[in-house]
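In the form predicted on its own, a lone chain appears below as structure tokens.
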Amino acid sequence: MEVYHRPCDEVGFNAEEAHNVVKECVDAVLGGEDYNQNNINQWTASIVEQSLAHLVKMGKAYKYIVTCAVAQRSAYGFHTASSCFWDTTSDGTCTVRWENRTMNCIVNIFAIAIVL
């Protein structure tokens, strides 16, 4: 069996760094806004596009998948789940939870190491 080595010195996905980058994107898009159904498509598209652009600019050897859900705050809550089958030594995920008085936002980042 062949042994693969990452093309960079970093080992494993830095979830804290990704979390901070994506939280800044969410703050920039949703900060100061109140829930408005008419803006959801624009907001979610901006969040995933900006997040992806900032993650790629970090120059890590990863493919990224970014998802975003925004829901109006209610007494019913907001729950999500995900599952992955991958190499836990190099691949990773993190979730950014953001809320204000009118809405909740959950962004999931999946990072899959590029192995050559």
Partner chain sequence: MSIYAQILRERLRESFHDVQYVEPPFDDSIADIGKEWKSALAKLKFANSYRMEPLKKFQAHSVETKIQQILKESLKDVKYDDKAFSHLSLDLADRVLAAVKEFGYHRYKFIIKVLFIQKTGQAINIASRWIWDVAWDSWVQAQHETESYLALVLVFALY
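Fair warning: this is a prediction, and the values are worked out from it, not measured in the lab. Numbering follows the first chain given and starts at 1.
Another form, the form predicted together with the partner chain, is not on view; read the next lines as being about it.
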Query raised in the report: Should Gly59 be classed as touching the partner chain in the predicted complex when contacts are defined as heavy atoms within 4.5 Å?
Result: no
**Report entry** 4.5 angstroms heavy atom contact with the partner chain in the predicted complex for Val21
**Finding:** no
Query raised in the report: Is Asp27 a contact residue for the partner chain in the predicted complex, using a 4.5 Å heavy atom cut-off?
Result: yes
Query raised in the report: Taking 4.5 angstroms as the cut-off for heavy atoms, does Asp87 touch the partner chain in the predicted complex?
Result: yes
Query raised in the report: Listed by sequence position, which residues of 72 to 88 have a non-hydrogen atom within 4.5 angstroms of the partner chain in the predicted complex?
Result: Gln72, Ser74, Ala75, Tyr76, Gly77, Phe78, His79, Thr80, Ala81, Ser82, Ser83, Cys84, Phe85, Trp86, Asp87
